[in-house]
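In structure tokens, one chain follows: the form predicted on its own.
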Amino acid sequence: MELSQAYTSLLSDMGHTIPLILIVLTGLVIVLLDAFKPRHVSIPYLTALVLAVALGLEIQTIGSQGGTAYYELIRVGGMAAYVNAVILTSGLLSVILMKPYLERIDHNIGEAYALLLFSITGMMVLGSANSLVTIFVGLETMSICLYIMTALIRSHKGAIESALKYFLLGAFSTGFFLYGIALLYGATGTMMLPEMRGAVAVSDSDTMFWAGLALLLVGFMFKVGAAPFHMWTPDVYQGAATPITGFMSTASKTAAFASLILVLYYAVPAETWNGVIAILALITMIVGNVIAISQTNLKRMLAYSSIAHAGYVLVGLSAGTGAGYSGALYYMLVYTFMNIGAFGVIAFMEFDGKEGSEQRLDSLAGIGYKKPVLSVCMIFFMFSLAGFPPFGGFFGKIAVFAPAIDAGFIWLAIVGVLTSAVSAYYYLRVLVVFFMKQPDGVYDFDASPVPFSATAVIVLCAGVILVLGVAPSIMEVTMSFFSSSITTTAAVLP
């Protein structure tokens, strides 16, 4: 597209990005509404409604042929629609969990929902970016909102400390990311991802290109919580309000991994970087699973679990094939329901008055009989996270391990299976505490009933991961987003 045609196609581009526009406008409306009518009862309902509408619109375009909008800066339809649908699903489920949770702790403020919508805006831009500039804009929009959301409970010192750590380390990683973008542009003369593969083939600045890509990977690895760039993850997950933790652990990972897939798929020859991704996957799986064993706080344990699952996704990416990329996208869908459900259960079992940040796992001994619906759902989530059949987590791991084996990384898949076996110890330990340990009488359970809306979300998540395990046919959808021709020649967008 010529630059002179950018404005003539503006209305058409806006038509292709209606979900994104709806979310931005609703976020602005909530800011104004909360300014004049603080904590208005309609704010969470309005947020959920807009997310549901946007989700419906994105689902309708998943099967369409992908294209671009706004002077080819972002992608629409196809893979972009799928990624946006996963992000919107995470946001919608999180909003339903947030409302009763924030009301219980007297923080049901409008800015929480506005920030969530603005962060989703950044995630959608990041996950469908077709340019390095768009990636940076989406990444920073998402990150700034998440920094603030982490410190939403201002009276909690742990939340403030977590947000400060997140902000400082995030700002540091942004420096790497931005410097990487500068080097990549200097080496290729373009910011557009599909043009980079051809540009680097004729470039005399190979060193500059690979240095830029290395710095870019540092930024991505920080955002997905991969080792050795994972240090912020346990503190942030532990300090943030629990439904917000579930949201950031799923939606932000989906957006960052989707953007990384676009960079690796369109801009870089696979044979030149997949060994590096494999090493990062190895380190991440080992670090996440081994350290999770020693955790006594449930939120912190799931934080290290989240690091380990980032390693599993990287196993799929290390294959450098369409099957590996599609497996990673499928895994993020399953992971979204597993983690939203698990953090939802934890959110309504807290009774320490500090959003579960100081509550030990042993304090939940015997709670399986106090809150049976949530506890039974937790069985589904723990078994799925550990990779047991017939749950979605089992097929998710097959989806990322099988392409790695086909690509020759048999040793990496073996390590993935072994670390999954290690993870079964700390996942099943949760269920042992819930059902097989007697309460010692020191801790006072929260006996208040769980709101119907929250229970419905948790049960829905449990049901979905079972359905995805029994009928994982959605992997065929994700596979349709990739064609082998693009990985061998210069990419041309449809």
Partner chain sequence: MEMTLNWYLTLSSVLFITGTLGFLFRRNIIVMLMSIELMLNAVNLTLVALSQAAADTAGQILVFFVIAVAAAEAAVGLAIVIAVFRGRQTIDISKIKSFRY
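Note that the structure is a prediction, hence the values are computed from the model and not measured. Positions refer to the first chain, counted from 1.
The next section is about a form of this same protein that is not shown, the form predicted together with its partner chain.
Student: Does its partner chain, in the model of the complex, lie within 4.5 angstroms of each residue among Val137, Glu161 and Gln295, using heavy atoms as the measure?
Tutor: Spot residues vs its partner chain: full contact, yes.
Student: My question is simply whether Ala171 lines the interface with its partner chain in the model of the complex - judged by any non-hydrogen atom within 4.5 Å.
Tutor: Result yes; Ala171 sits at the interface with its partner chain in the model of the complex.
Student: Using heavy atoms and a 4.5 Å limit, would one call Leu418 a contact residue for its partner chain in the model of the complex?
Tutor: Outside the cut-off, so no.
Student: According to a 4.5 angstroms non-hydrogen atom cut-off, is Tyr304 in contact with its partner chain in the model of the complex?
Tutor: Contact check for Tyr304: yes, within 4.5 Å of its partner chain in the model of the complex.
Student: Quick check on Gly239: any heavy atom within 4.5 Å of its partner chain in the model of the complex?
Tutor: Although its partner chain is absent here, Gly239 would touch it in the model of the complex, with heavy atoms inside 4.5 Å.
Student: The chain here is shown without its partner chain. Which stretch in 86-94, 102-110, 399-407, 144-152 comes within 4.5 angstroms of it in the model of the complex, by heavy atom distance?
Tutor: Contact criterion met by 144-152 only.
Student: Among Phe388, Trp210, Phe351, Tyr185, which has any heavy atom within 4.5 Å of its partner chain in the model of the complex?
Tutor: It is Tyr185.
Student: May I ask you to choose, among Val133, Val376, Ala214, Ile283, the residue with a heavy atom within 4.5 Å of its partner chain in the model of the complex?
Tutor: Residue within 4.5 Å of the partner: Val133.
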